[in-house]
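The chain below stands alone and is given as structure tokens, in the form predicted on its own.
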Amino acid sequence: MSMFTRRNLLQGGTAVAAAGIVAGSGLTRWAEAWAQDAAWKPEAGAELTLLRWKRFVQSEEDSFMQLVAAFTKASGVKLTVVNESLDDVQPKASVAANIGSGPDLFWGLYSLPHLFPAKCTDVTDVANYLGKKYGGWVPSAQVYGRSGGKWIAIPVAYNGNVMNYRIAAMQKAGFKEFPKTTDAFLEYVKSTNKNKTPGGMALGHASGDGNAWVHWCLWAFGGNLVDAKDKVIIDSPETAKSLEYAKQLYDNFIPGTAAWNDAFNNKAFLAGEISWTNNGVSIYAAAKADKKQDIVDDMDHALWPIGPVGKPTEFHVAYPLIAMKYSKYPLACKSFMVFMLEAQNYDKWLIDSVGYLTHPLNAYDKNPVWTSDKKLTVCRDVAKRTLTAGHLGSVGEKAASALADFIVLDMFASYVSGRETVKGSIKIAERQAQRLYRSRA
């Protein structure tokens, strides 16, 4: 599927960079041929603006911008990419949807398109083409991408939110491998703190890392915001147990995590202030890029521990790409979506994202990035493992709003930080959820 081989990757950064240069000229030639045969012909004079989250891995952004340049050269469509912080994409997309004006394309998080499904361009034809050509979509991508029997977005990637940890600190804490159960994880957290090598996880309004860990914790103990009929069921013994467990974790975190956003844990880990956290593999990539070999050699990644429910309850970040219905150039939008996920582009982009981005189409299981470095393999299947926003309930506008409003995250933060009791924090979340689910019924 790709001109890149495992040998290229194992030769290191210089080889990959050189391969990228070779691919640059080849990519242009392929892109021009692709544009001639593509089913989606951009409108005459089409110009597009795409708003995406700011990069966490520089090589990923560089590769993406090469892809954009190749698309422009081949199709004649000028594509301007605007970068915003991860937490700013959703509000900006919501405003644009409400006023009917703004960027043509938004690259956001989780169930963002379900906040305004009627404002999204129908991209069923794009999804069908890509799914047929590349081995089908993983189930969670179908959930995030579809609404009312049609595709309203293309989930172009996932960020595997996994456990990042220092190996020496783990071994000093008495563990030969990263804990696989919540009970063992609690003992690990206590021991690393006792050894003055604590960790921590974000409890501020962190759309990625904060949402990922509190939902994992809630679901690991059997708690849920809503049931299969979208009835609010957050007030339960299972939710209380998850909060009490989280409090024990928090009491052994490094101080200050109540204010952390998605960038704080990366900085703390790379500075040697913490020995473990939850994150994508961007910490590892940054350590490599900055030549912090002591961290590179002494860190690894693991899947989330399993709780009393007895099965994985991971919540990885989905990245849907939305073409807004108000765009004057829907065919150009669709053309770029397809172009992104064609193997000649997507294979290289995955490699250059060094495992930070994971694929939504089954054919890319074979991408060499997943076997080039055993510390990245853990992220290969996150799109297949993840639960989706809403979990038991629908993934529609209500679930999207609950995430955007940080209902579950605030419930955990208010209790573990001492602002509320268990009952008080649950009642606040219950009121917020009931108001939300009733108002959007």
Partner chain sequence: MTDVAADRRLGKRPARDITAWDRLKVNRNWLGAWYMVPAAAFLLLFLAYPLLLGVWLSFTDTRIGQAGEFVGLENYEWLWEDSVFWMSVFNTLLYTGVASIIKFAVGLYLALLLNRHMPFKAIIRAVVLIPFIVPTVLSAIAFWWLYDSQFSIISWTLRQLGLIAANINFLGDVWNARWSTIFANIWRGVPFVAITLLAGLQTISPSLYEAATIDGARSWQMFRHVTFPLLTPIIAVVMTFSVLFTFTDFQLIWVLTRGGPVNATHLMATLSYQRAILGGYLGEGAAIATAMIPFLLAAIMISWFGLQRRKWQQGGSDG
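Values in this document were obtained by computation on a predicted structure and should not be read as measured data. Residue numbers count along the first chain shown, from 1.
FYI, the form predicted in complex with its partner chain isn't displayed, but the following is about it.
Undergrad: Please determine, with the chain shown alone, which of 371 to 379, 52 to 60, 66 to 74, 400 to 408 has non-hydrogen atoms within 4.5 Å of its partner chain in the predicted bound form.
TA: Of the stretches listed, the one contacting the partner is 400 to 408.
Undergrad: Select from the listed residues 324, 340, 115, 306 the one whose heavy atoms reach within 4.5 Å of its partner chain in the predicted bound form.
TA: In short, 115.
Undergrad: With its partner chain left out of view, which of 88, 125, 235, 298 would have a heavy atom within 4.5 Å of it in the predicted bound form?
TA: That would be 88.
Undergrad: With the partner absent here, would 196, 288 and 391 each sit within 4.5 Å of its partner chain in the predicted bound form, counting heavy atoms only?
TA: None of them does, since no heavy atom lies within 4.5 Å of the partner.
Undergrad: Does the 4.5 Å heavy atom contact test between residue 255 and its partner chain in the predicted bound form come out positive?
TA: Because a heavy atom of residue 255 falls inside 4.5 Å of its partner chain in the predicted bound form, the answer is yes.
Undergrad: Flag residue 205 as yes or no: does it have a non-hydrogen atom within 4.5 angstroms of any non-hydrogen atom of its partner chain in the predicted bound form?
TA: Flag for residue 205 set to yes.
Undergrad: Using heavy atoms and a 4.5 Å limit, would one call residue 183 a contact residue for its partner chain in the predicted bound form?
TA: Residue 183: no contact with its partner chain in the predicted bound form.
Undergrad: Does residue 94 make contact with its partner chain in the predicted bound form, using a 4.5 Å heavy atom cut-off?
TA: Yes.
Undergrad: Using the arrangement in the predicted bound form, list in sequence order the residues of 256 to 272 with any heavy atom within 4.5 angstroms of its partner chain.
TA: 256, 258, 259, 260, 261, 263, 264, 267, 268, 271 sit within 4.5 Å of the partner.
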